[in-house]
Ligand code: AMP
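Starting off, we have a lone chain in the form predicted on its own, written out as structure tokens.
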């Protein structure tokens, strides 16, 4: 039985090198960058006004105040998108708006609220407050210099990064190709949601939840038909899945029961098992293998076990597949509002609820079949074997509610 860290390292070592494709910037949110990106321009592109007001020479308004204002001749007006072709000379000013290019000769902007126009003398602007050099001016390149690295290869493309890349003029990006992942659920007791239940059957829920998680990390889920607990049918379903997809994720059939056919069926179609037990709870029976150069992730059938093992062992692989450099779950410290007890032999990733103050409590009973606890959880806490974490302890929370 492998330690969790060893299992994860072995999974990541088998992930193929990422392939890239070109997508529009609009379609790039959540994707993984394939190339380092440098800015082709300065941002801002030119010196411009930070607000509505008047471009001035700071030396002309050094002593301006309400009791003794400076009076400047209005030499012109520049809207955003226009350029003033003249120059601000001593004793003159130019009307600007937020984003207007700063005219030659000016080195400051007096905001509109600190000025006054006498209707009887519309060509003169009364300046009621001083403005020092550079005041209310957004200077060229103060945000980004030409040639600055905007994003590294392997970085996730966030909405904020999209805004930066758009401002730098990028319309398309090269990103990691999204793997198509087949989703199989095995079990003769399973039926599709929305269909009538007959005695002894339950609704299958893992594929739907796993598909949502896959989409959140950029993979393309392909939900495949339910598979009964029959060896020949399981073998055929696996073979079909590998023919259609880049990888296959299954739930159920991975333990040692006489109706657990997943491992044997996988080997019958030419698959090679790498390992199938991990020293963790929930999720000890976790199958990992290769077939036709593609990967199999065999998850337990119990829903908590399936989703926890996906988060911890499959999610990192799907991100690495697309070229991501950071494949870990978002994590932060929190304080336990109650003790967490793990008397067992395996480390236990407990489902917890974290409130807005960072206080942590159990999301409910920690049983691998309890969907209500899973639905209430927004994080996991890794509790070592034979350990009690006392109330008031600071622990690390792996966020469950972040893709």
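Please read all numbers here as calculations on a predicted model, not as lab measurements. Positions refer to the first chain, counted from 1.
The following text describes the form predicted together with the ligand, which does not appear among the structures shown.
Trainee: Where, among 76-84, 290-298, 185-193, 97-105, do residues come within 4.5 Å of the ligand in the model of the complex by heavy atom distance?
Mentor: Going by heavy atoms within 4.5 Å, the stretch is 185-193.
Trainee: Would you kindly say which of 202, 149, 120, 212 lies with a heavy atom within 4.5 Å of the ligand in the model of the complex?
Mentor: Only one listed residue qualifies here, and that residue is 202.
Trainee: Only one of 218, 221, 303, 176 gets a heavy atom within 4.5 Å of the ligand in the model of the complex. Which one?
Mentor: Contact with the ligand in the model of the complex is made by 303 alone.
Trainee: Would residue 158 count as touching the ligand in the model of the complex under a 4.5 Å heavy atom rule?
Mentor: Output for residue 158 is no: heavy atoms all beyond 4.5 Å of the ligand.
Trainee: In the model of the complex, does residue 260 have a heavy atom within 4.5 Å of the ligand?
Mentor: Yes, residue 260 sits close enough to the ligand in the model of the complex that at least one of its heavy atoms falls within 4.5 Å.
Trainee: According to a 4.5 angstroms non-hydrogen atom cut-off, is residue 112 in contact with the ligand in the model of the complex?
Mentor: No, residue 112 is distant from the partner.
Trainee: Should residue 206 be counted as a contact of the ligand in the model of the complex, where contact means heavy atoms within 4.5 Å?
Mentor: Residue 206 belongs to the contact set for the ligand.
Trainee: Though the partner is not shown here, which residues of 158-182 have a heavy atom within 4.5 Å of the ligand in the model of the complex?
Mentor: Stretch hits: zero.
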